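Here's a solo chain for you in structure tokens, the form predicted on its own.
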């Protein structure tokens, strides 16, 4: 831990253990933080498990750091947000039982051993003790470290996917993200669960969350292809199938996102939306509307995906006909960045690609030199005329009709005389 965890985080963990000593509880770092620490992947997404009352401990921790705490009483968990930004989860060590397949679990307090036994895969059952006498000691009851070394994704028991079908998606995401392989028995159990249609019992909200996680992966194309291997894409819609066309479009989207990243315009807010648009492109129009109505994805992004499905092809035809930069700007200026990237991925026209590039890199930065104050100084009476003149100046700038402030003044004078 000393060499791989930044000093501020290491200090936080040590002080957390000291607080646990004073409160006479045991506390452990668990989950992806420990897994990734052992294989050398940066991950500061902290999860803590407490043998005792996790919510009470989280409140004490929040008080110690003057942090904000949000509790989730049903599951005995809390989220602590420090003043400088970092957030971590604190959970009561617990066991879970399932009344029926795909149901949410019934929770009761337990030991760390039982808490780790309820986890999804062995590589996620590792924990690090934080209490002072044993700070930094690894807890490994299920061979998690061995499976990390073997790069294997292995479930803990035969009913794992029956109890929680979302583990099917998590197994594939971890496999692709880490470059691991499903253990042979785990792959068999997954196929059996899929064939039993256990995943069909997931609620739309839980299925939507898993689809969103898949699209948000660092390499979602590989992850979607692997979902197709297990016939999971039809869960999104029965007509969504893997095909050479979908693969080409997804790869084009990946390249377009990389193109945008290379422009140094700042991170894209929701890259997952562009991959979602590609998936919707593989469906007929009624199926897109049905899918987006059923899934509980964020509203603005859902509207973008629906708009592209309905209007994207028409807009590309419009762009093919635009001649002046101002015409291109008017066609594209209201669209989110994700939509522009998808259009870049779908068009085969070099001219259209260049127009989108100009929009993203240049047109949005253009503005007239003259302002409303300048128009007033020129003796023009304030009113609706100002908006028309400034819009015309903007178009003239885009189209290269004016280059200097003097050019703009001459254009304004000509336009004003025509009133």
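Numbering follows the first chain given and starts at 1. Just so it is clear, the structure is predicted and the values come from calculations on it, not from any experiment.
The form predicted together with adenosine-5'-triphosphate is left out here; the points below concern that form.
Among residues of the shown chain, residue 92 is not one whose heavy atoms approach adenosine-5'-triphosphate to within 4.5 Å in the predicted bound form. The closest heavy atom approach of residue 260 to adenosine-5'-triphosphate in the predicted bound form falls outside 4.5 Å. Proximity of residue 173 to adenosine-5'-triphosphate in the predicted bound form falls within the 4.5 Å heavy atom cutoff. For the chain shown alone, residue 47 is a contact residue for adenosine-5'-triphosphate in the predicted bound form, at least one non-hydrogen atom being within 4.5 angstroms.
Contact with adenosine-5'-triphosphate in the predicted bound form holds for all three of 31, 35 and 118, each having a heavy atom within 4.5 Å. Heavy atoms within 4.5 Å of adenosine-5'-triphosphate in the predicted bound form are found in one stretch of 184 to 192, 158 to 166, 289 to 297, 343 to 351, which is 158 to 166.
Put simply, of 177, 248, 151, 241 only one has a heavy atom within 4.5 Å of adenosine-5'-triphosphate in the predicted bound form, and it is 177. Residues of 331 to 358 include none with a non-hydrogen atom no more than 4.5 angstroms from adenosine-5'-triphosphate in the predicted bound form.
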